[in-house]
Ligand SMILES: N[C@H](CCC[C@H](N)C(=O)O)C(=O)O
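A single chain, nothing else alongside it, follows as structure tokens in the form predicted alone.
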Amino acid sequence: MGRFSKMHGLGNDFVVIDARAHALDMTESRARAIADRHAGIGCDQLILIGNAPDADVSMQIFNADGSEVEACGNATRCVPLFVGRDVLIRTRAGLLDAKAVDGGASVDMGAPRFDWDAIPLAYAMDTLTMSASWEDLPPPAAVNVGNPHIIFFVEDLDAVDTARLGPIIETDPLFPARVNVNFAQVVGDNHLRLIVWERGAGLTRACGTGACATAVAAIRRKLVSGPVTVSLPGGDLVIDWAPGGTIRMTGPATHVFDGEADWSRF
């Protein structure tokens, strides 16, 4: 039997497994089975905490479809709560510094990238105002914050069919690694509303890296000034960034319960 914790950041929920003492072979099919809300434990992402030679812990992230991804902002905020102290975390996106704060954590998410081949896109174009769009959506921006994001700034967020457009854009050939799709509305000088279609997970209550990417794109376009409050369906995150610097994300993290499971059954 193996132990796990169920945690969430603004309703974006995780099964977190401590593999530091006992390694667990996590395959795509096993991650998908654990994440299944009907036949498994159920989560948006599966988080595997391990050892790292250059950090306090490592973090592997698997989406509900079993695919392994580079970064997850909401999960990163859960790690200090799970480990019980401030931590330096090794991820596929690089080293992330996470510090506990009252009710959650504050994370240095690193510097955003804007080059077309760093997103990545299939061919060269300006990523601040892309020469591509879908249906009547405005030209988007693209940002890589450890994982790839595309951001649409719309006049009326409630009028956008995010559930239909999200998967179409996620799997467009323009994005060779697929993409997280962000639909945002400016509601104040330092306030954004955001809905995210997450690559490999679909619509979620919140997406930390999506909030980071959207705030960065909005600051670059001079639509808002930082720090930016990003309101998602699950609640608010505060994102601070200045050109040339790293992104600071602050928000809640919640431990729900602990459990045991026989991983050989998945």
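So that there is no doubt, residue numbering starts at 1 and follows the sequence shown. This is a predicted model, so every value here is computed, not measured.
Below: the form predicted together with the named molecule, not depicted.
Given the pose of the named molecule in the model of the complex, superimposed here by the C-alphas around the site, does the shown chain leave the site open or is it blocked by 3 or more ligand atoms within 2.4 Å of backbone or C-beta atoms?
Open, going by where the named molecule lands after superposition on the site C-alphas.
Among Ala217, Ala35, Met59, Val69, which has at least one heavy atom within 4.5 Å of the named molecule in the model of the complex?
Looking at the other structure, the residue within range turns out to be Val69.
Is there a heavy atom of Ala213 no more than 4.5 Å from a heavy atom of the named molecule in the model of the complex?
Looking in the model of the complex, residue contacts with the named molecule do not include Ala213, since no heavy atom lies within 4.5 Å.
Is Gln45 close enough to touch the named molecule in the model of the complex, meaning at least one heavy atom pair within 4.5 Å?
Yes.
Spell out, yes or no, whether the shortest heavy atom distance between Asn63 and the named molecule in the model of the complex is within 4.5 Å.
Heavy-atom contact with the named molecule at 4.5 Å: present for Asn63.
Using a 4.5 Å heavy atom cut-off, state whether Pro140 contacts the named molecule in the model of the complex.
No - in the model of the complex, heavy atoms of Pro140 and the named molecule never come within 4.5 Å of each other.
So if I measure heavy atom distances to the named molecule in the model of the complex, which of the stretches 49-57, 24-32, 199-207, 218-226 falls within 4.5 Å?
That would be 199-207.
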